[in-house]
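Quick heads-up: it's one chain on its own, the form predicted alone, in structure tokens.
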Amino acid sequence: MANNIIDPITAGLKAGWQHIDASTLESDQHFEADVVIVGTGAGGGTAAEILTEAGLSVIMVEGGALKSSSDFNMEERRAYPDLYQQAAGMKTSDKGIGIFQGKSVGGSTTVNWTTSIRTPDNALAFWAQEKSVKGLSSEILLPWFEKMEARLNISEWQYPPNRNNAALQEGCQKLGWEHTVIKRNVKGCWNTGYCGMGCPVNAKQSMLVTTIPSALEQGARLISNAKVTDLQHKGDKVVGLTATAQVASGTAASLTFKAKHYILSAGAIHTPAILMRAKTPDPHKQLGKTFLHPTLLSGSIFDKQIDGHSGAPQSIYSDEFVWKDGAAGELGYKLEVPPIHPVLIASKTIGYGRSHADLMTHFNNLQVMIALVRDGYSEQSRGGQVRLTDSGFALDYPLEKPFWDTARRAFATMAELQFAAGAKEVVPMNDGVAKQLNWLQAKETIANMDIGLLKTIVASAHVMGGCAMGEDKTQSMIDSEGNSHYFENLSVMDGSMFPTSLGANPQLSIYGIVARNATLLAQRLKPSIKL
């Protein structure tokens, strides 16, 4: 990379930002502020900027390390262990679904693929009608989406899609299916295609280079490598937080925090896990009900180079099949493509030894489609459950017959589209399935293939739910403005607030809804401030 790229984190730290790497502490420490925010992803970063702008003192506590563009060298071998939960190897308890989730400062916004989509109207209407959510219509949210789109330079991608995305577009055009150009949160993008390994040129408008630096400029404090281990509470109030420094060896310092208000933004697995560990009230057993967008993959081989590792990872999507049968009807799925990098794709393709080697031999001609299944809208797709274990947490996520029926339909859809786009061979990512040479062969194979747990590749990068919002306490943990039903000084501001999955990539939904909720909170904590 060019040597003249300014690293905003390095420059900010030299200028005096208040950052403590807890792993370097030699003794226990105590901190106090108006607001303590746990987590620095889409929710925590957005809330930190808004609350510091309101004049409140803010501490951000992050379990991961502070990394910056100087650390991002576009190598998978370093990016996955450094920037992802469990080195990108996290799985559900039955090993049926692989889960990608960020873990450094900035959370998943540091490593996501920049796709920015407003909350679908169908999801908002379902939440209002079935999940007791109030005040979150698309009209009410419009100014908040516009605010965050302007703040994070979110706009429609103006350049031609790379050939991986172009195949999705071409297939949709030939079949007459709906497709849309994606909005991305980038500024000065070099179009390298390595968004998943951290942006080395700071073009991605993640929390790492936008709201977190803004909050630090205004006096907020950031404490990294500090994992929250306890949340103390008494009556209807949270009275403190405890964290432990993350150290490779030796004695870890203990950190305690006291604040007027506490915000959990640790993500849709860790936020409910923190509340469970603290034995907070959950009389209606709603805590930890989680949704993933379980995702299927279909590979295809073209007789031309696709080079899916190069160029914007996602720039085209199709919603042709997401809401076809209504929100509560048959499970729908969104069509997108992933970036194609060697380790990522090799770990998500099928076959062993010679057959896998043969597939990877065609790496540069490989095009990959994904179908994200919309879950959480009926008894037939209830999502999963976070639970505590002796060593941490587990996510139970049973995939039942309605999902597998939908998976079979999604495989057929993807194969039809790939052949329509010009693929010479299609490989549904399901154990025991050979390359398919035409659409008719694929259609018959997919209709009869042995599909199911540990036979079918299923992955997800969208962890949602776990601490759902709504006014009805029997089906939610927080109200529609993010405030805890059980503690007057606790809010939840991250993807765990969603009462179902979204049917769309979640980052812009978190930005918009948290921007509204953090602004309402700032006005409540400091009424004299006009925002």
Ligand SMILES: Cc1cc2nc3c(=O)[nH]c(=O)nc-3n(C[C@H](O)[C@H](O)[C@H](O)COP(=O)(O)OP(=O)(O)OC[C@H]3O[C@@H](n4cnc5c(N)ncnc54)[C@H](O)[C@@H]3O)c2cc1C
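Predicted, not measured: the structure shown is a model, and the values here were computed from it. Quick note: we count residues from 1 along the sequence shown, nothing fancier.
Unshown form predicted together with the named molecule; subsequent notes refer to it.
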{"property": "Of 433, 216, 421, 461, the one that lies within 4.5 Å of the named molecule in the model of the complex (heavy atoms)", "result": "461"}
{"property": "Among the candidates 111, 208, 442, 414, the residue which, in the model of the complex, approaches the named molecule to within 4.5 Å (heavy atoms)", "result": "111"}
{"property": "Interface segment, criterion being heavy atoms within 4.5 Å of the named molecule in the model of the complex, picked from 402-410, 282-290, 93-101, 129-137", "result": "93-101"}
{"property": "Residue 505, heavy atom within 4.5 angstroms of the named molecule in the model of the complex", "result": "yes"}
{"property": "Heavy atom of residue 501 within 4.5 Å of the named molecule in the model of the complex", "result": "no"}
{"property": "Non-hydrogen atom contact residue 84 with the named molecule in the model of the complex at 4.5 angstroms", "result": "yes"}
{"property": "Partner contact for residue 226 in the model of the complex: the named molecule, 4.5 angstroms, heavy atom", "result": "yes"}
{"property": "Three-residue site 62, 270 and 510 fully in contact with the named molecule in the model of the complex at 4.5 Å by heavy atom", "result": "yes"}
{"property": "Residues in 133-166 with any heavy atom within 4.5 Å of the named molecule in the model of the complex", "result": "none"}
